[in-house]
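Next come structure tokens for two forms of one protein chain, structure 1 first, structure 2 second.
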Structure 1
């Protein structure tokens, strides 16, 4: 037996999965509360004891971990053009454990600097200008950021002609400085992966260790990546397969949590019709979005604000006052579990609304336009309407008694312009193995792919019209 231990330090639970690489098979799993407030190794040791009680003592070849226990990186981006800055920053952050909470465009003003001082982000992405293009704005912003209070890292990934001078200016301040190639070297051409890799490294070195994971190093061989990056790797492997075994093809991942709703897509999402015109920046094959205002507990109020109390009341069959009272209760007491059928129906309405809204935000849109050649369609973002596989995870979905109906209603409630799936097969990560398989993806891809195919069960197909 060749055993390996895979660990996910989650914000709530530390989850362990023991795998035999030679079989391959899952030997056992266990979890315990993540003790990030005290010493994170305590929760790990509790989970290890529970795992050993179930499997007996195992000698592991390696112990590998991913983590979202730091809560992710709050990232701010400063650039030249508002729309381009926001899109490039979000795509660079999508799999790196970061979420973009604010973007600034053009030259930073006194008001902007005051906001930045209040925010104190975990990382600032400084970009702007194509290579050889505008340098004035990024140099102005570098000089202003250098004098800003705080010691958050600054990643310079803009016009390469100005990069060295930006670094020189920033090194006069208190912020650690990192560099990456321009996220937009040419107009409407993105190069986000180098910046995303630097963001991942900052996450690992600065944020995870600052949250106490350094004390758990004696129990580990390494913290390889943020949990979102691990899940993305797993889904990409499940979609594309290996050189020896085919994957499942294009797919979407849905992770409904207490604080956020994360959507993943592994698909090109190109126009399905020759009469459709693409607009906007290109989308990556593997994409993740984080909806920080949509969560079953910590952000239940965000779901209500997104869809309205009336919609939640209609979905749950309850009156608006009861729905609003329950949402406030969930938001203030996130440990709440539904205690009766009425609360279960309101939880169901929250889940439908969160998933539906998050999918619509992640997918592209299609609108009819009129051109000199006649009527055509204009697509922005990914066309996911033909994707036939959806993988779901997160307690609110995994433990739902009517998961198929929840997902069907979430997709049926889309606007006509949203390019979300029309019909798809539903797979459920009941064993919470996606992050663990992402840790194996680079070194033991064949094992990870086989285990995912064997363990992630398929439900009946559902249709969304």
Structure 2
């Protein structure tokens, strides 16, 4: 046996998965409350004790972890044009497993600086200009950020020609400075992986300590990455496979949580028809987005703002007053569990609305435009309408009794222009193994793929519009 221990320090639970690499098989799993406030290793030890009670004592050859504890990784992204380098910066941050609290475009204003001072992100990503292109705005922004209060790190990944000067400006301030190659070196060409990798390194070096996870760090071989980055790696592996074994092909991942809704897609999403015109920045094969305003509890109000109380009332069969009262209750008391059938219905309405809205924001759109040559179609973002597989993770959906209905309604409630799937087989990450498998993906891809296919690769339900 070659045992390896995989740990996910979540915001609420610390989850362990023990894997035997040689079989391969999952030896066992266990969880305990995350104890960031006191000492993160207490929760870990408790979970370990539970695991050993089930598996007996195991000699692990490695212990690897990911973390979304203590609020995860919060970033601010700065770029030049909203649809170009600002968007590229956002995509890089999402790909690194971060939550993007705020995105800025063009010159940072006094008002932006006041916001930034309040936000105090874990990392600020500063982009702008293609290589050899506009340097005026990124230099202006670097100078402003240099005098911004705080000691959060700043990662410069913009116009190569302005990089050295940006670093020089920033070094006069209180922020540690890092650099990465431009997220958009040429027009409409994304290069987000290198910046995402540097974000991960900053996370390892600094954020883990800053968030009080340093103690756990010593018990382990390393906290390798933010949890969402691990999930993205796992889904990519599940979709693409390894050199020797094929993956499942195009797929979407949905993670509905208490505070956010994360959507992943592993698909090229190119136009289905050759007569469709592509507009805007091409998006990455493995794309992740986070909706920081959509969550079942901490952001129930955000869901209501996004879809309206009337829609929630209609979906739940309750009246608007009841819905509004429940939403406020959830928002102020995030530990709320649905007490009765009425509340379960309202939770269902919240879940449908959060997933539906997050999917629509993640996927591209197809619009009919009128030109001198007659009507044509314009696509922005990815066409996911042909994707037929959805992997569901996160407690709110995994334990939902009516998962199939929730997903079906979420797909049905889309605008006609949304390029979201029309039908899909649902796979469910019941054992919370995705993040664990993401930790294994780089070093033991074949094992991770095998286990994912065995454990979550089975279609449990089918949702069709």
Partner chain sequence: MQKTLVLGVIGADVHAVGNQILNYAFTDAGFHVVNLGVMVSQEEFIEAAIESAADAIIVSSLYGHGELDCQGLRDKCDEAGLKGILLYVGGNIVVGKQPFEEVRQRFLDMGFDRVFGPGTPPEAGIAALREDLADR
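If you're wondering where the values come from, they're calculated on a predicted model, not measured in any experiment. Definition used throughout: the rigid core is the maximal C-alpha set that superposes within 1.5 Å between two forms. Residue numbers count along the first chain shown, from 1.
Between structures 1 and 2, only structure 2 derives from the form predicted in complex with its partner chain. Once you line up the core between the two structures, the Cα of residue 295 stays within less than 2 Å of where it was. Comparing the forms between the two structures, the C-alpha position of residue 280 differs by less than 2 angstroms, with the core used for superposition.
Relative to the superposed core, residue 393 undergoes a C-alpha shift smaller than 2 Å between the two structures. When the core is overlaid, the C-alpha of residue 78 ends up 3.1 Å from its other position between the two structures.
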